[in-house]
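The form predicted alone is given below as one chain in structure tokens.
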């Protein structure tokens, strides 16, 4: 019958039934409850990870910043607030300046050599038809799965002054004039640590770059070869731009991990010697906080390391930013 001047038709068989009004908004209430239930489930799954992250990452980081403003031995109950005095001491600490310089030198040298060699070897393994390249890849990758302590022991044996493999090979080749005290010479020890870092990291990043290069279509190389492009031209015009995002990610990751790797290798290989010539920021912080009983001063060094790592990562990210290419 007409309702408000408009005729409403009733389907057959539905006479006498009242129309059912739809919920407001046109959406069933059950869906909203289901979404809320999904949110609670996701939160319950994430809660253990968030708690662990807060306990083992956020709280210690905040504590490092807090303790950098105190003078404390780490053991006695006497804790004295000194403000920025610990940071002022850093400017006059020659050993800290030397450790900072060593850290920067290792980051620059090891990063350039590792990334450059990794790209070069990955390109050869991917583009060239080498016999036994699977064996070569395995040999290069093995050091990345070894413990850093094992690597330090290997290089201690290789670089030993009297019975080391390197000096022994030089003696065998009648090149005694080239024999050196590799881990005892202040001019050579940092280079020895750098070689160990490169050897440990090279295979891992080579494999990462190989996986990126393997996904590039072969048709691009074939078309460029028809245009007369050499292998070097293909690398810089095709390979490098198409794996740039992979390179950028690994570069940022390597810069952050190299700070920790340098500490572990220096601690196990040289102990910072001779006379602090191989000291890095993390090893110097460890000595001040846990050996010299200058916990507050060590935490000030930790704040500098945190700011330095964040700044370097930011600069690397900004410097390598570019529009991603797709194929």
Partner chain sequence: MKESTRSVLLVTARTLAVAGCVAVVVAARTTTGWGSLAIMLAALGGLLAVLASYNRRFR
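Positions refer to the first chain, counted from 1. Being a predicted model, the structure only gives us computed values, none of them experimental.
Keep in mind that the form predicted together with the partner chain is not shown, yet the notes after this line are about it.
Looking at 94-102, 221-229, 121-129, 175-183, which one sits within 4.5 Å of the partner chain in the predicted bound form if you count heavy atoms only?
Only one stretch qualifies here: 94-102.
May I ask you to state whether residue 90 is within 4.5 Å of the partner chain in the predicted bound form, using heavy atom distances?
Yes, contact at 4.5 Å.
Quick one: is residue 206 in contact with the partner chain in the predicted bound form, heavy atoms, 4.5 Å cut-off?
No.
Counting only non-hydrogen atoms and a 4.5 angstroms cut-off, does residue 214 reach the partner chain in the predicted bound form?
Residue 214 lies outside the contact set for the partner chain.
Please tell me whether any heavy atom belonging to residue 197 falls inside 4.5 Å of a heavy atom of the partner chain, as the geometry stands in the predicted bound form.
It does not: once the partner chain is placed as it appears in the predicted bound form, residue 197 has no heavy atom within 4.5 Å of it.
Quick one: in the predicted bound form, does every one of 80, 152 and 291 get a heavy atom within 4.5 Å of the partner chain?
Looking in the predicted bound form, the three residues 80, 152 and 291 all stay beyond 4.5 Å of the partner chain (heavy atoms).
Interface residues of 269-283 toward the partner chain, as seen in the predicted bound form [heavy atoms, 4.5 Å]:
Heavy-atom contacts to the partner chain in the predicted bound form: only 277.
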